[in-house]
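Encoded as structure tokens, the following chain is the form predicted on its own, with no partner shown.
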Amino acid sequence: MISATDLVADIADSLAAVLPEQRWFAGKGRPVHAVIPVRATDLAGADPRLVHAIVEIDQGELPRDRYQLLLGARSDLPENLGHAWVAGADDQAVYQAVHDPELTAVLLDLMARGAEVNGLRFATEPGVTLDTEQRSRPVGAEQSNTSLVYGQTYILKLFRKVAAGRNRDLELHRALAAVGCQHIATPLGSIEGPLDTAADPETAAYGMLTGYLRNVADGWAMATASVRDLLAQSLLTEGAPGLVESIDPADAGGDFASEAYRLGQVVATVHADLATALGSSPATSGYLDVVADAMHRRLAEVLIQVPELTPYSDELRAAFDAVRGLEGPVLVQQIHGDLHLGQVLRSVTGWIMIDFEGEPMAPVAARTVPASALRDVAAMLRSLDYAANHLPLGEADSEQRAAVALAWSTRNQDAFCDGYAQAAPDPRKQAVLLRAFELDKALYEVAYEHGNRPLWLSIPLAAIARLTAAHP
């Protein structure tokens, strides 16, 4: 049997073709010149065989991205695993093992035993005992990572793009659990280890096991269902005989405002728990200049890509410069860092926040820098605006739909802030800084939509037009 490292090297060309097809692969749109094995470890068996691998992707730029792979190898690949096939090597079929519950059971067993294999440390959190009889299935809707649900009990998030250093998601879940936060999934176990050789002092997090949240609804799905309901009622009203007034979102079925209010309370509570667990402090002198400078840099970069921003550039610069003159202390702390409706789940007992990794495109070191909690607030306000406006794209009667979207987003943004103000200072009292964060987030969205979803570009552009016009 060839070594794990040689196996990965043998299928490197096949991986170069397969990896860009994966939704978690961040280098889409750029050619893959080579897949370079960094380390590979046998975790179980010979047939079937389970290999944990770290590969480096050469796409012509430095630094190169590194990814975690779980590879299975069988002499006879079952039909139900045919879709996971990668290549043939050493008279075996090599495939993506996340789809094989027989092999993924090994990960749960290693955590339960507190095993260490070639420097990879599998562990449970203090006092946790795992049921290793649970079979897994991959969650299909994720993008940047891969999660395995074991029965109805656990969920293991496998971090795909990996880097040396602390993992925010794991670290913040542990910190929040330590102070009794009720609005996260309970951390139960982890997979950590070296990023290169077993003797390398630099380690990375490869997996985080938490309790599986049953019977939950995705925040984005709930919000957009509410928008669809309001839009449908509004269109029925519009088509009715005689002169009628527009539907008030408060009177429509499926009103989301009470949930937005509760969500605001939960976000404020989690911010308070993060401050308790990891501290908060007044920002150092010059913090607001650093914030404003970063906003200006983003504006300059996005203007080059998207000239449609030009009519708003002066107002954007003025909004960012206004941050420099703010007086009084600005508190900074650890925050979620990538908050939106897709990062919150509604359980029968309340809202749960997930995925504390931070902004995906930001360097790992930058994600751990303390920031104003208003960044999270602004991000959620932008997400509510997205929920309100994503449906009308390409539809007729755009003015009617725009009016419905504005009414829905205004009501729910206000409700979110009202809820937040019940557990923390009202974010609207820091209007200058909040508005700057909203505009900066909208610029980020403009750049993203321009490069990935051009049909959605009108959403952040319209928000920028509205936010700049409202504050001459």
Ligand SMILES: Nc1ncnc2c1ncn2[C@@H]1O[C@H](COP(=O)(O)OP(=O)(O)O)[C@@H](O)[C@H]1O
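Residue indices: 1-based, along the sequence shown. Note that this is a predicted model, so its numbers are computed, not measured.
What comes next is about the form predicted in complex with the named molecule, which is not displayed.
For the options A185, V98, L309, A205, the one in contact with the named molecule in the model of the complex, meaning a heavy atom within 4.5 Å, is A185. Taking I155, A175, A105, V117 one by one, only a single residue has any non-hydrogen atom within 4.5 Å of the named molecule in the model of the complex, and it is I155.
At a distance threshold of 4.5 angstroms between non-hydrogen atoms, A164 is out of contact with the named molecule in the model of the complex. I354 belongs to the set of residues with a heavy atom inside 4.5 Å of the named molecule in the model of the complex. A residue is said to contact a partner when one of its heavy atoms sits within 4.5 Å of a partner heavy atom; N145 meets this definition for the named molecule in the model of the complex. Interface residue remark: G279 is not counted as part of the site for the named molecule in the model of the complex, having no heavy atom within 4.5 Å. Here the chain stands alone, but in the model of the complex its contact with the named molecule, taken as any heavy atom within 4.5 Å, falls in 337-345 among 189-197, 371-379, 337-345, 270-278. Residues are counted as partner-facing when one of their heavy atoms sits within 4.5 Å of the named molecule in the model of the complex; in 206-226 these are T210, G211, Y212, L213, V216, in sequence order.
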